[in-house]
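Read the single chain below, which is given as structure tokens and is the form predicted alone.
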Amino acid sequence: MSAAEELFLENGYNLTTTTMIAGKAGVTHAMLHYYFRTKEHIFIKVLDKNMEELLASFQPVMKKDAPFWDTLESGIATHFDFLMKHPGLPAFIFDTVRFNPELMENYRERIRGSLEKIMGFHYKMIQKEMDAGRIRRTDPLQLMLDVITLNLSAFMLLPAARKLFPDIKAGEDRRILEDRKKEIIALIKSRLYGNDMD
């Protein structure tokens, strides 16, 4: 699984072969085929592993009695920290959606329930705060999409930034990303608690 994930993230789905995966894992192609049958099955298992890790990381965040902003800030940071552990995952998923959309369409049903649970929890929490007049009025779906796209963009753009600005040292990535996480949290807080609350 580790070999497959590494190769998928490095080469993309189309350019990764089961022969490459078997070679990197140090097993025969026949053994790989016996356990996984197809490259698509390996792909699903790799996504399952990452999705299970992401969902498990959100369990402590979704405490019903925690204060609203603490919960939201923790959710933003949890998602960002997951991406820091898997920085190549956003680009890999984007490429897969672009070049192999059928794979993601087939996978969507496997995770729909879990994602709806997370989105539903945050949607209700945001709506409750708006109804109480404690935050500015906003579309909860748009707010969640803002958080997701702001977090993802950091990991999609950093590799391009390294090529455009070669002065960025590889060791600086973590500091840049930690600063970006703080900035995203500050942006979302400002949007919700600005002085011109409706």
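We call the rigid core whatever largest set of C-alpha positions still superposes within 1.5 Å between the two forms. All residue numbers refer to positions in the sequence shown, first residue = 1. Fair warning: this is a prediction, and the values are worked out from it, not measured in the lab.
Unshown form predicted together with another copy of the chain; subsequent notes refer to it.
Residue contact with another copy of the chain in the predicted complex: residue 128 places no heavy atom within 4.5 Å of it.
Heavy atoms of residue 124 never reach within 4.5 Å of another copy of the chain in the predicted complex, leaving it off the interface. In the predicted complex, another copy of the chain lies within 4.5 Å of some heavy atom of residue 14. Proximity of residue 190 to another copy of the chain in the predicted complex: non-hydrogen atoms within 4.5 Å are present. Using a 4.5 angstroms heavy atom cutoff to another copy of the chain in the predicted complex, all of 153, 163 and 183 count as contacting. Interface residue among 91, 83, 77, 119 relative to another copy of the chain in the predicted complex, by the heavy atom within 4.5 Å criterion: 91. In summary, among the residues 59, 38, 28, 149, the only one with a non-hydrogen atom within 4.5 Å of another copy of the chain in the predicted complex is 149. The Cα shift for residue 136 between the shown form and the other one, taken after rigid core superposition, is smaller than 2 angstroms.
After superposition on the rigid core, displacement of the C-alpha of residue 150 between the shown form and the other one stays below 2 Å. If you fit the rigid core between the shown form and the other one, you'll see the Cα of residue 98 move by less than 2 angstroms. The Cα-Cα distance between residue 74 and residue 47 is lengthened by 3 Å or more in the predicted complex relative to the form shown here. Between residue 78 and residue 54, the C-alpha separation grows by 3 Å or more in the predicted complex, relative to the conformation displayed.
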